[in-house]
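Just one chain is shown here, as structure tokens, and it is the form predicted on its own.
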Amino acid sequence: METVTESSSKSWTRSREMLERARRSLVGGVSSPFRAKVPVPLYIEGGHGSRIVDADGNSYIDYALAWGPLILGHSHPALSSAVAARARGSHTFGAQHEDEFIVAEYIQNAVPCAERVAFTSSGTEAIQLALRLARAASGKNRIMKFEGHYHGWADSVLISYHPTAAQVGPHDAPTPVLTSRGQVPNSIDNVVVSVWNSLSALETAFQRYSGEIAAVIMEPVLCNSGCLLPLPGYLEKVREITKAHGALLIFDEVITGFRLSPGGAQQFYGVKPDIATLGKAIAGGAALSAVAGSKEIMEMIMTGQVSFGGTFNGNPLAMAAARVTLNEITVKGSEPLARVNRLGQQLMNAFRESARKHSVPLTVCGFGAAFAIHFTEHEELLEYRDTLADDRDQLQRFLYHMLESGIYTLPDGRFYLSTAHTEDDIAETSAVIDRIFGRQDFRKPHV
């Protein structure tokens, strides 16, 4: 993390003071440790459209979007009005209400695999339900996951998320790596780790654990480790291989759902999984996630074969937000997301052009609405191991200069766009990028 000095071009006095106070009561002064990794942990007072304002009155173009959920931007009028109206009729019921099935119908109509839907409050919860359903449906215990893919912080799947080069092991037989102290060591007993984007690695794993794998779970676009895209035909072939081995296919579409296209990656790539987890953009910023899948699998919840529950499942405030969001994204057609992805592609191209102009080694990966930058000599990144050569110090210097210039980003180099971003936002950001890449001191450590 960079050290903020008094010579900074922006004043972050109140944010620094508030962080120091928060550290005396809140763990680390933040509600998620990832938030402490930004160049300067800012306290935000408000946001509108594509912009946010911090406690010191500084304004920023926001490409973090609350780590992705704000697909409609900040303070979307219809969403804000719907949540306020719903709150006047009670915050929650713990019982059924109309918005639950209306939102489920929106998902059903947009997402190819969604014959039935179940709601949760977080992506981690959704993943746990998806894995339980897969094991129950298949009668097997092992889950295959891939290096660098993130599926929540629960013990059973927080494995080989960001292992070091010394930890990963052989390419054809990766070493399962626990991510956190305190994880139950036998968490890895029912997890098979493989290398993504490699069909040979996938086949090798199925041969090694023949007849034991319940499901393969993946981010269909590896958004949590650099926004790496699947190779042409890879997802289709994975679908064939899983069927051939009697294993289910789970797409973790917490990020790609309602962002890559209205129906997510499965619609965009034309590959239908057995189960999908959805979140982030689903409710435009409210706490909501979902599991969608075939009727046969999902109805195991109601027959008593699979245990599942949650006090806040179907929360009315979250459902009101989701109803507005999905109406904008799925009912109005593909135009809103097509525009977001077009603007994002413009920004991706601005990065590439400026990097070439100033001889900055840079690779840009992803799609318009969610992409990441890599300071690396590698021109093509296909799997998590390829990202281990990234110059992360240079990334942090760049992000610090961006923050100084009024551009708010995520600490891993990821950029999210919303329907609220404009051509002017892209032009302003592109100019900032070019100015930073042209600085003589850009590659020197910030003091």
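Start at 1 and count along the sequence shown; that's the residue number. This one's a predicted model, so the numbers in the text were calculated from it and none came from an experiment.
In what follows, reference is made to the form predicted in complex with a small molecule, a form of this protein that is not presented.
Within this chain, Asp274 is remote from the site of the small molecule in the model of the complex, having no heavy atom within 4.5 Å. Within 4.5 Å of any heavy atom of the small molecule in the model of the complex lies no heavy atom of Pro262. Among heavy atoms of Gly123, some come within 4.5 Å of the small molecule in the model of the complex. In the model of the complex, the small molecule sits beyond 4.5 Å of every heavy atom of Ser138. From the list 115 to 123, 293 to 301, 72 to 80, 316 to 324, the contact stretch for the small molecule in the model of the complex under a 4.5 Å heavy atom rule is 115 to 123.
When the small molecule is considered in the model of the complex, only one residue from Asn190, Asn224, Ser354, Gln345 comes within 4.5 Å through any heavy atom, namely Asn224. Contact with the small molecule in the model of the complex, defined as a heavy atom within 4.5 Å, holds for exactly one of Ile250, Ala369, Ile255, Ile282, namely Ile255.
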